[in-house]
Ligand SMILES: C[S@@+](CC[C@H](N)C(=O)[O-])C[C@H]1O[C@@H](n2cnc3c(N)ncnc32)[C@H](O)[C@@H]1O
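The chain below stands alone and is given in structure tokens; this is the form predicted alone.
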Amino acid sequence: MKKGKQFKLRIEKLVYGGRGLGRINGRAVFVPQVVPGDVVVVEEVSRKSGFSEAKLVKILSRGKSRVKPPCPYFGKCGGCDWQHIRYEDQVRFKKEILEENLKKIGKIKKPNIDEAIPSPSPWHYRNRAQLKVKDGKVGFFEKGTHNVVDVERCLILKEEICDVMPKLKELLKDLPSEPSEFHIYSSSKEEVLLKIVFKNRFKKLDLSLERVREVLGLNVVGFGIYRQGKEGYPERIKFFGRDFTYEKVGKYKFRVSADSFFQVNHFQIGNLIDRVSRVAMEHQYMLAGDLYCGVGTLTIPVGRYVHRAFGIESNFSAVSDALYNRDINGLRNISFYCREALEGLEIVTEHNPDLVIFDPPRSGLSEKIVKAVASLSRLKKIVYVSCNPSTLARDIHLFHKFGINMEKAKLIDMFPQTFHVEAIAYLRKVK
């Protein structure tokens, strides 16, 4: 099989990363935009040790899960991976991917995934977006490139902001130079925060909040001017209007500032809170520790059912919100600390919680954090929320070495139409 040559392939399954897996002469071939059961003609685009990558040329026979993507940009825009897959099958495939990772990487023979929670709506679920800007275009990067796909409407964004791109193009006319990105966030109260991010220096900006509201036709409560930071995070230059909004999730209220993070699927936040806080309801824990706590999205609900709780978060803006959220939810038994996770280990060790909650970035936990938490003398339970099944499985295997086993896991689909897998793993310390 030569590179560039076309050949027929049957797709066996999907793997983490969104691609389909087929084999030719025993060699694994990964192909995007396919479904299990597809018989396709593909063209090899790269060959590596033990596997090849290929692009789809033609579909000879369609798998049962295949549907027509409703978005005209699908396949070119880098925002979605799985619009060509029937939604109930997307959830099933994600569960299979999670199970495979727990088996192969986590070394769990029979993982107990007792629930797969679909999004109440697979469309219009995202409350925020980072829109790219280049040469007058506003949209998302093309897959595998930094070319901007000019988008008129995005079907996974909340209905209030799904067609904001043409309006942002109009806003470009009011700016002294072209920004590199627009960051937009719409809360459950339909209040909108906007960030205008410039790559380099820019001339004086003469733009009012009223003008932004007029052009976008949205309830923009505040907008900020930012510059691309050295580490990729935008640095605030100036903010106009209110730099925060509120989220209402069931009986909880959260203030979320422009520089803080909140879960993106507004349909699923309540389900996530429910599945995590149930653990605290089932047993009377004395002290819960929440690492990577953000604005207290999980710390506060858990704090209602434990004697005391604390959260650790590196983002100063998020910690300020968390302290405010503790008070507006009437909880005085929670403390928050602004620390990097590794720096916060001293606090964790000193407090010695019996319940620990993690919601780390995709990179997962460091071995140092795993070892420190596993050695806590009072530890009984860990709830690990993850957006990467590979690093979750790796960390679960490491916890097992320290005498902590996974009891069960749940899949919660936070990202319909994409390959991303959100899971909640429940671990218990073996006595």
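The first residue of the sequence shown is number 1, and the count goes up from there. These numbers were taken from a predicted model, which means no experiment stands behind them.
Omitted from view is the form predicted together with this ligand, to which the following refers.
Peer 1: Looking at 347-355, 286-294, 180-188, 128-136, which one sits within 4.5 Å of this ligand in the model of the complex if you count heavy atoms only?
Peer 2: Result of the contact check: 286-294.
Peer 1: Judged by heavy atoms and a 4.5 Å cut-off, are Ile11, Ser65 and Trp82 together in contact with this ligand in the model of the complex?
Peer 2: No.
Peer 1: Heavy atom within 4.5 Å of this ligand in the model of the complex: which of Phe261, Tyr305, Phe239, Tyr252 fits that? Just give me the one.
Peer 2: Of Phe261, Tyr305, Phe239, Tyr252, the residue with a heavy atom within 4.5 Å of this ligand in the model of the complex is Phe261.
Peer 1: Looking at Asp163, Glu340, Glu214, Asp174, which is the one with a non-hydrogen atom within 4.5 Å of this ligand in the model of the complex?
Peer 2: That would be Glu340.
Peer 1: Using a 4.5 angstroms cut-off on non-hydrogen atoms, would Leu102 count as touching this ligand in the model of the complex?
Peer 2: Taking the distances in the model of the complex, the answer for Leu102 is no, it never comes within 4.5 Å of this ligand.
Peer 1: Answer for Pro120 alone: is it within 4.5 Å of this ligand in the model of the complex, judged on heavy atom distances?
Peer 2: Close contact is absent here: in the model of the complex, Pro120 is far from this ligand, nothing within 4.5 Å, heavy atoms only.
Peer 1: Classify Val197 as contacting or not contacting this ligand in the model of the complex by the rule of any non-hydrogen atom within 4.5 angstroms, answering yes or no.
Peer 2: Outside the cut-off, so no.
Peer 1: Considering only heavy atoms, tell me if Ala280 and this ligand come within 4.5 Å of each other in the model of the complex.
Peer 2: Because no heavy atom of Ala280 falls inside 4.5 Å of this ligand in the model of the complex, the answer is no.
Peer 1: Are there residues in 361-380 with a heavy atom within 4.5 Å of this ligand in the model of the complex, and which are they, in order?
Peer 2: Going through 361-380 in order - heavy atoms within 4.5 Å of this ligand in the model of the complex - there is one hit, Pro361.
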